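The chain below stands alone, shown as structure tokens; this is the form predicted alone.
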């Protein structure tokens, strides 16, 4: 799909469809002429998210005009623009429009994010009949030249999140650890100030990453440890570090999962996908900071060499771990990832992201991601980024009293702490492998695969929290 810009008014553009925002007082967003008679004739109230397509309105070259409700004007935000753009572009596409023009809906960045995130759908593996799958050929932004920069920024962010969605959605016979590396390198081609290093299992052995390697032992797919280093700030400035769980398929290992729904475990790499997407967005936006993305990548399979329950392995900081449950593998690969990140890069902030525990879905559902941190300051920054991007977080306890559940008779600690407070004990496990205060663990298990489609959220993998992580980077840049 071609994406372009124009300073021409919506009514003068020779396209198949245009979108106009309508507030609940029937005032307009993105168009200055009076359309009251059409709005009233359609009995359109401007309620947030409502959509109505009108046909052959006098004065418009476009045969289709989509009215999209924006609610109370005084409460309009960037999220209002995201919703309006997502709703209207999808509705016009469904109605057969091939070339569509939209305004900023009050925020050009939000309009770009909403439209391009909303139009995304994962169907690259299907043989499609174009007549049953309408698609856009061109999306045109109608606005002022002053808004073009924000529109481009929104495009960049949406592209980064859509790339993360794709990585998280692809089946594991395609999206192997090797594929992750190859696709990441393709995405970063031509992006300035980025260096990508990819390490193999022999290197991981040299780093004494026994926890990471214990997960990889049951798979025929070679494990990879990828480091994406963006140098947009001053030389010597401490970086912002993101560490993402990259389990490209999670069978549970010897502690095998039930077969029903196991196919969704192709998305257990969503933390790594979001890490890659966030650093991609940061680099393409040329933010004046240093940032590093770390993704330990492997399958968790029950092969002949697989780690067994009660095996004891040693992480790279020397701590011994009793593997009480091989299905608690994400924390194992993250433990070595966190040790490496803190030791090697000495970052000012570490964010780790993982679809880590089913308990997180039970605790918060899909509307909030769990955040575990020692730092009140970092929590305030993260919470603000979540609100601005509508990728929301809820602070969870990180309390030493939960460590008792991880006590082992064989090793320094077990990798699980039983059913009570499962997401908290997982975070407490990770806390054993990072010393700095400005670290936050994000458990995205409930939000990565929402149960229903939204105005700009697709069926399937949502690519969260790419927008929030980019916004957090911007707050560091300021």
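Note that the structure is predicted; figures quoted are calculated from it, not measured. Residue numbers count along the first chain shown, from 1.
One more form of this protein, predicted in complex with a small molecule, exists but is not displayed; see below.
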query	finding
Proximity to the small molecule in the predicted complex (heavy atom, within 4.5 Å), stretch among 290 to 298, 262 to 270, 118 to 126, 181 to 189	262 to 270
Option touching the small molecule, based on a heavy atom within 4.5 Å in the predicted complex, out of 35, 445, 430, 67	445
Partner-contacting position among 96, 318, 365, 358 - heavy atom within 4.5 Å of the small molecule in the predicted complex	358
Residue 87 within 4.5 Å of the small molecule in the predicted complex, heavy atoms	no
Proximity of residue 221 to the small molecule in the predicted complex, heavy atoms at 4.5 Å	no
Heavy atom of residue 257 within 4.5 Å of the small molecule in the predicted complex	yes
Residue contact check: residue 245 to the small molecule in the predicted complex, 4.5 Å heavy atom	yes
